[in-house]
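The chain below stands alone and is given in structure tokens; this is the form predicted on its own.
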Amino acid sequence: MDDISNTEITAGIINSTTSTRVLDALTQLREDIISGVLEPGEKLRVQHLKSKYGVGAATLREALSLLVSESLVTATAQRGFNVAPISLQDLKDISETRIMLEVQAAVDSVQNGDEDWEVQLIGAYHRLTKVEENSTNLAENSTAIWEQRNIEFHEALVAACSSRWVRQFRSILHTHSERYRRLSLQTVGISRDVHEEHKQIFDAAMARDADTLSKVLTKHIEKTFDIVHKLVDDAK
């Protein structure tokens, strides 16, 4: 049950020759894109960003090129780099594809997971639950730690999937959906009991109930699309 990190899924480009400074810049840029600090469509000017991230232009360009392979950044000849745009159609595509891969990975884990898988999932769920139960408003409090615990829970859920490729592409889609998920969390007035959603997923997984797990996990992924869609409709 080997874990696949974001750096490892960057289209196989990252290797032993990739410097620590590039990896650090990559991590910071990725987080700022996912969190919205760098806004969708924003021009990424190397001369401006190199001072912000404390790296040279060559290091920054290499990190940005790696993010192009993750589809978080776009590159155009003679025009440089931009943060990848977001749209309802993009989220719909991400959600539908993620459902296919994540449900498959979760069901495979339920069918093949051993005691170590159960222990990891229990630990990840416990850590996530502590954050969710101790925060009255995830839009304002503990967002960063919740995001990390949420990722850990979903990774633990699919960790026993026998297909490395399914887990790899699922992880890429999870990163992209996180951009939209953070938008939904930051929006006041949207009611969503995320803890109850995670509880249903956890209970089904521990019961080795593949059918129920498929249903609740599908609804969980669809919920972010429904919320963002509602936000767009309300703004019209």
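Rigid core (definition): largest C-alpha set, two forms, superposition within 1.5 Å. We number the residues from 1 along the sequence you see. Because the structure is predicted, anything quoted here is derived from the model rather than measured.
FYI, the form predicted in complex with the DNA isn't displayed, but the following is about it.
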{"query": "Residue contact check: Gly123 to the DNA in the model of the complex, 4.5 Å heavy atom", "finding": "no"}
{"query": "Partner contact for Pro40 in the model of the complex: the DNA, 4.5 angstroms, heavy atom", "finding": "no"}
{"query": "Proximity of Leu44 to the DNA in the model of the complex, heavy atoms at 4.5 Å", "finding": "yes"}
{"query": "Contact label in the model of the complex: Gln89 to the DNA, heavy atom within 4.5 Å", "finding": "no"}
{"query": "Whether Val166, His195 and Thr218 all lie within 4.5 angstroms of the DNA in the model of the complex by heavy atom", "finding": "no"}
{"query": "Per-stretch contact check against the DNA in the model of the complex, the hit in 207-215, 28-36, 166-174, 46-54 (non-hydrogen atom, 4.5 angstroms)", "finding": "46-54"}
{"query": "Arg79 C-alpha relocation of at least 2 Å between the shown form and the other one, rigid core basis", "finding": "yes"}
